[in-house]
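Starting off, we have a lone chain in the form predicted alone, written out as structure tokens.
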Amino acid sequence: MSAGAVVVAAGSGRRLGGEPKQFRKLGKVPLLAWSCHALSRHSDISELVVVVPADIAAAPPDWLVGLCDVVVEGGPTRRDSVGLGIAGLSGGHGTVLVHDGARPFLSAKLIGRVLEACRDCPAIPGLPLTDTVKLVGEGGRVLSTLDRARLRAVQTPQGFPLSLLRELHEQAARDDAEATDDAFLAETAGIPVRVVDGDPLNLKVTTGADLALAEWLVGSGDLEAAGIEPPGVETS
């Protein structure tokens, strides 16, 4: 059964200064174009919706229109934006992936792992932690040291049966509930969530240091070795 995908890129992304980070150049193309390219060319993804700020949705650039099927305007929160993206799908998909547009280096292997795992329950990619993690209370007092062997740093894309994710977002809208990721909506509803291996290259660009690292990776050759190709889009 076909899968749909939603890329969420409606945030202001102003921590880098200037224009929103998802439209900053990475290599020779906008950062957002990388993940859209990876999803649009994957054989198991039959429809791609991209959620962007209102001004971009009103007049989307040609390069974005060429990489996706639908461009929709985002909402005031991430949960609102994901809900609007899901609503933009034409339907008929068994599963859906939700991806953060600030994660440019999305590999076909990671897409495949999540799609394979999310056919019957939500599935998310995660990486083991290398640092010791402590629970800290008021005044900076350490309360406990957590078992990092059982902890994962969670990434996107996160995969769901489409009907389930729609139900979760409809309920969240009724409850006016927020979530930092979609898996949290499933967790709070008592629905099991499966974790699959993440990808160390699948970094999230949030700060200037993140962007500098991403630029280094573009020129390093590591992306090509992992099968991550730059999108050939015309942005002028």
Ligand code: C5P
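Just count from 1 along the sequence shown to find any residue number. No experiment lies behind these values; they were computed from the predicted model shown.
Note that the form predicted together with the named molecule isn't included here; everything after this is about it.
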Problem set entry | Three-residue site Ala10, Pro76 and Ser81 fully in contact with the named molecule in the model of the complex at 4.5 Å by heavy atom | yes
Exercise. In terms of non-hydrogen atoms within 4.5 angstroms, which of the given stretches 145 to 153, 96 to 104, 109 to 117, 132 to 140 touches the named molecule in the model of the complex?
Worked result: 96 to 104
Exercise. Is there a heavy atom of Arg194 no more than 4.5 Å from a heavy atom of the named molecule in the model of the complex?
Worked result: no
Exercise. With a 4.5 Å heavy atom cut-off, would you call His42 a contact of the named molecule in the model of the complex?
Worked result: no
